[in-house]
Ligand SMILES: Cc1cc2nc3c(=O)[nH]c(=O)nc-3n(C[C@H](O)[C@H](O)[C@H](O)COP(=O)(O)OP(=O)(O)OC[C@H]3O[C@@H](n4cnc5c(N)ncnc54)[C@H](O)[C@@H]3O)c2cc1C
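Okay, here we've got a single chain as structure tokens, the form predicted on its own, with questions on binding and movement later.
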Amino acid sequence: MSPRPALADLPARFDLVVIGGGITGAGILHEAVRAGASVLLVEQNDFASGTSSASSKLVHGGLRYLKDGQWRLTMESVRERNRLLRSRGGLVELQPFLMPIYQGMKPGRAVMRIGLAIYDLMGGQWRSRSLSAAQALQLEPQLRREGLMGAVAYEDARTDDARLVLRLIFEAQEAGGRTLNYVRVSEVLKADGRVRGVALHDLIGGERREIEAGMVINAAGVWSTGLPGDPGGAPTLRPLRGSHLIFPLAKLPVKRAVSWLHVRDRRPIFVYPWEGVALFGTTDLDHGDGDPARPEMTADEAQYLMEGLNHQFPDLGLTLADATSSYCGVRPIVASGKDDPSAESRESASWSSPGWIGITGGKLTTFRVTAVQVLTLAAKQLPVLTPLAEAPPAPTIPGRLQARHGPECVAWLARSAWAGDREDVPGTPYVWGELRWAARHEAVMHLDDLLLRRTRIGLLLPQGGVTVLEGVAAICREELGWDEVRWAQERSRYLDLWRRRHAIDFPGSV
């Protein structure tokens, strides 16, 4: 991976400019570079800094889509889940689920077994089974026992959503694609009724430049409307906020994913072990006019989540004070007028005009399908964007470090001369060398890039990882050239952001 380029170093023209560095934009970039096109991706903040680092981090078919009759979406999602397990092993990993069945619960065991049988058939592999109450408690002893009749066990998958985005981006960069974070599209350029390129503003260096493009694809999610010069045509969006809580596994000792229906509104919620912690969520609420770049969990959401958690795990006596951190993201859902936010479809929607395609909505799991669909549409105007056939899966499953950072990182770490690079960052699944590699090779511009997306230390450790910041500072000075003044600025900026967006600071949390 090359250092982050300056605007002046870019070619004057690309076949394709992609706006948006989340999972949708990264998938389009990856597929377009595979097809042999010259591509530039720009993101106005950091890569994956929006919804794509704040999802539930599950790669799943979506059992509830079956209930809503969305058969095609479920089939597509299950197949993509299986493909990602094959092609992104070590980054996308199998996640066993347990769904307890209680007396009087609807849907009951029989309906659940039918639904899971269909789910398994779609995936081409039998992954589900019924359990007795005793078997369920043997697997998860902390479950609510009153009225427990048994459970169904099935399998989906989990990932680190930000790292999945980053792998797509950096692989495309290694194959010749150009990528820039902290670069804003200040205007969409048109001539003779056709979009011809974009005007860019580098928010780090301050430079401005116009870039010509054969095609521009707007994949900016909840930011996909309102660009100066935007040719229009976008559907009405309904931004939905999903909030999550992170607990130490010592406080919430789940061994697999547990999914159940919230006692208040029968919405599916879940908790599962992720990166050495317990990840619990999620809400699904209208975000309204709130800033999608800075979503924050509300006290009502925290109360809702804790109500659901304590109903399922009453003997643990959990309070908000037991949580380590929170996070939330805003889903770019296409509005269809439904009263219930959760009833809105997770299907993607596209719109186009000469030289321009917009895409929004969709799911983390189906990013590749979305990318292929968008590029197929774009190829009608610019044939060089015709997507290739699906790449064959990797023959072996790489280890954790290679899956997240690539083989070059593994080789570099093996020969690193820095003392401590192969030692664990206390309380996390990371080694110090991962931070050094990311600082050197992964376009880190700010401290939150490093601690909230290149790694997830800021979510996993109390107070955003303040106890390890001295070690982080040494790496940032050596690899990024930050002096004492810059480090102090970045530390202050990061901790302020963490307090606003990730701290547990609600009534009842202390």
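Computed from a predicted model, the values in this text were never measured in an experiment. Just count from 1 along the sequence shown to find any residue number.
Beyond the structure shown, there is the form predicted together with this ligand, which is absent from this document and is the topic of what follows.
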For the chain shown here without its partner, which stretch in 444-452, 479-487, 458-466, 51-59 has non-hydrogen atoms within 4.5 angstroms of this ligand in the predicted bound form? 51-59
Tell me whether 36, 179 and 406, taken together, all sit within 4.5 Å of this ligand in the predicted bound form, counting heavy atoms only. no
Can you pick out, from 216, 245, 220, 162, the residue that has a heavy atom within 4.5 Å of this ligand in the predicted bound form? 220
Just one of 189, 410, 227, 133 has a heavy atom within 4.5 angstroms of this ligand in the predicted bound form, so which one? 227
Is residue 23 close enough to touch this ligand in the predicted bound form, meaning at least one heavy atom pair within 4.5 Å? yes
Residue 282, heavy atom within 4.5 angstroms of this ligand in the predicted bound form: yes
Taking heavy atoms only, is residue 361 within 4.5 angstroms of this ligand in the predicted bound form? yes
Please tell me whether any heavy atom belonging to residue 330 falls inside 4.5 Å of a heavy atom of this ligand, as the geometry stands in the predicted bound form. yes
Taking this ligand in the predicted bound form and a 4.5 Å non-hydrogen atom cutoff, the residues of 115-143 making contact are none
